[in-house]
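Below sits a lone chain in structure tokens, taken as the form predicted alone.
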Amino acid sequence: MDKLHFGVAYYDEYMPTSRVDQDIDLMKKAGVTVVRIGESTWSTLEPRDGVFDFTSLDRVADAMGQAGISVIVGTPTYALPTWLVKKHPQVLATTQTGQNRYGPRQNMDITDPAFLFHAERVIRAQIGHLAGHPAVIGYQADNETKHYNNFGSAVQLRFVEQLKARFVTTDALNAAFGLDYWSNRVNAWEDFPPVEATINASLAAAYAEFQRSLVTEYLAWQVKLINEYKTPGQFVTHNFDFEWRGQSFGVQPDVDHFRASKPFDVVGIDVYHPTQEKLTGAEIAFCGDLARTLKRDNYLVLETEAQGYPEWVPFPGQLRLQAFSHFASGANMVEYWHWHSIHNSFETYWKGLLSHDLQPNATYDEAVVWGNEVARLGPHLVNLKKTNRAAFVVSNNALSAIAAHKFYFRDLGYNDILRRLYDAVYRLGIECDVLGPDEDFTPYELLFVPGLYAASDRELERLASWTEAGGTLVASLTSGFANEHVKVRTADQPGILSRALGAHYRQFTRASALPLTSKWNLAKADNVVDGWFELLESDGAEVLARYDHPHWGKYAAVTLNRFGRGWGAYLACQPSPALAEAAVQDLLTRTGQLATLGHPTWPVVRKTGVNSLGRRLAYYLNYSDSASKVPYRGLRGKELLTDRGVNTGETLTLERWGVAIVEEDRLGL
């Protein structure tokens, strides 16, 4: 892209009356440059089998084009029309509890031949109709696609065929998965049992991996279709989402983002997060870090909230702060879901930029402010490139493995471990990429490895060797415990990582609000760990914290070990948020990375990169309801929003929920 985009999802089909011209006037005032249309409206575009009606799409695309607003067309395939389900009821997926019923979106079997036939037909008709439209700049293939918990018989047969190809014999499968337990042994492939009720974690995790592969396959299929029609300069993207906990939270359990993103020209995501007193920017940062790393390039925010839930209506200043936070992470577009609030049905009270009265409001007025700032400063902000020296290593397989043992881990999920560590690192001002376990680690000097419960020997050896060669590894509880088949290792834990970490454990237990003994000055309520913790013993590592307990006090909770030319640190527990931040701050102070990579000035977060003009930008983002002061660390430059000079070492004053963007004068960085 050659400019930053301010976008909104626009649904002419949902409007109580047609008001495209009035909406365009409001959009132009705000600086809106792009609208997304078409996704989820299959029943409008194809009201009867084989009968297409693109009147609404044409009306919007034509009007937007005449107004100079670009259009992204979404394929409509993630919500089924009634006639399709009536004619082919098997298009509804079969889950662990039986076949889905019509009504909700995202309830289909994305592998079913009838679904694929009709999906292909509507995609070809829709994209073929709009591909040559001068307003169309790109396409979104489906939306927030997942496997929808598909346990259909045809899908399970495909899974068994995959296992056959992988293991060849049932003996090899039984040995790898430990299927002798409770007489789960499979002695003939034709006797393979249904997977939905399995008690075997290895089998459950393998099936979860297979289900994710269905999403990768389906999205690649849609991209291939769209590519037949797109014209030079147009792109194909997808709106990837994250684990949902009433907000975007962590790694998506149902999609392998690293594989599924490969066929797309540009990565798109949705990011939803709390606002008001709970706005921290952590969700914006994590989701953006993952999206940016997937293709090592800029990405699009295809959905985020303007108002969202009633409790998310932003305080004055927050909408602008949120928008610039996305751009600071490398986004080239911020698009609100959605423009107008819907007047009926399921999402009536998920509020858009305009409320139900469809008139300007305080949130819209603030969008006008940042939209026009972006229009003015876009050439300085677009295509921000970031070169980070720290990264998180995340794993879908570890996520599925921990989930398969929920009976024991209880409320401690993989993303809980991940976000506890990530949020601590974020608050210390360390910018990170987000990698899969097979990625190249050599560009990085600092790796965070949270909860890597299931990993192959090769994956762990790579981490250990990287550490020995000079890297700093910060791992946390459960890492290295089981192999890639989720079979627990028989060695001291954390397995192969033990030598890099200089510590091991043979037992673990649980507690509630267990305090630690350390040199960290924390309030009593913050100096605690909860739930699962490991009884770690040092094999030469320095012990930075122990459990404050009459029986567990001899065991380590946090350690740091010199290993070759590198450092290996381990958090053997799930610390409170404040304790996690204190531990990471101490660890990285000792290893030297905090001084070189961090900027611990929370609630002000600093994010940097090099713009397309070859100058370094530094964003300063104040996540506080009070004004904040922070030292400017870069070379002499200009604060772009106020157009004033800034000198090295000068103190920047940020208003509450405020933003400063400094562009250095010097070129060639």
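A residue's number is simply how far along the shown sequence it sits, counting from 1. Quick caveat, the model's predicted, so the values are computed rather than measured.
Just so it is clear, the following notes concern the form predicted in complex with another copy of the chain, a form of the same protein that is not shown.
Of the stretches 63 to 71, 610 to 618, 34 to 42, 637 to 645, only 34 to 42 has residues with a heavy atom within 4.5 Å of another copy of the chain in the predicted complex. Proximity to another copy of the chain in the predicted complex, defined as a heavy atom within 4.5 Å, holds among 428, 522, 390, 342 only for 342. In summary, among the residues 262, 121, 590, 105, the only one with a non-hydrogen atom within 4.5 Å of another copy of the chain in the predicted complex is 105. Site residues 217, 224 and 653 are none of them in contact with another copy of the chain in the predicted complex, judged by any heavy atom within 4.5 Å. Taking the partner from the other structure, another copy of the chain in the predicted complex has a heavy atom within 4.5 Å of a heavy atom of residue 405.
Put simply, residue 481 is close to another copy of the chain in the predicted complex: some heavy atom of it is within 4.5 Å. At the 4.5 Å threshold, heavy atoms of residue 117 stay clear of another copy of the chain in the predicted complex, well away from it.
The closest heavy atom approach of residue 453 to another copy of the chain in the predicted complex falls within 4.5 Å. Residues from 476 to 495 that approach another copy of the chain in the predicted complex with a non-hydrogen atom closer than or equal to 4.5 Å are 481, 485, 486, 487, 488, 489, 490, 491, 492, in the order they occur in the chain.
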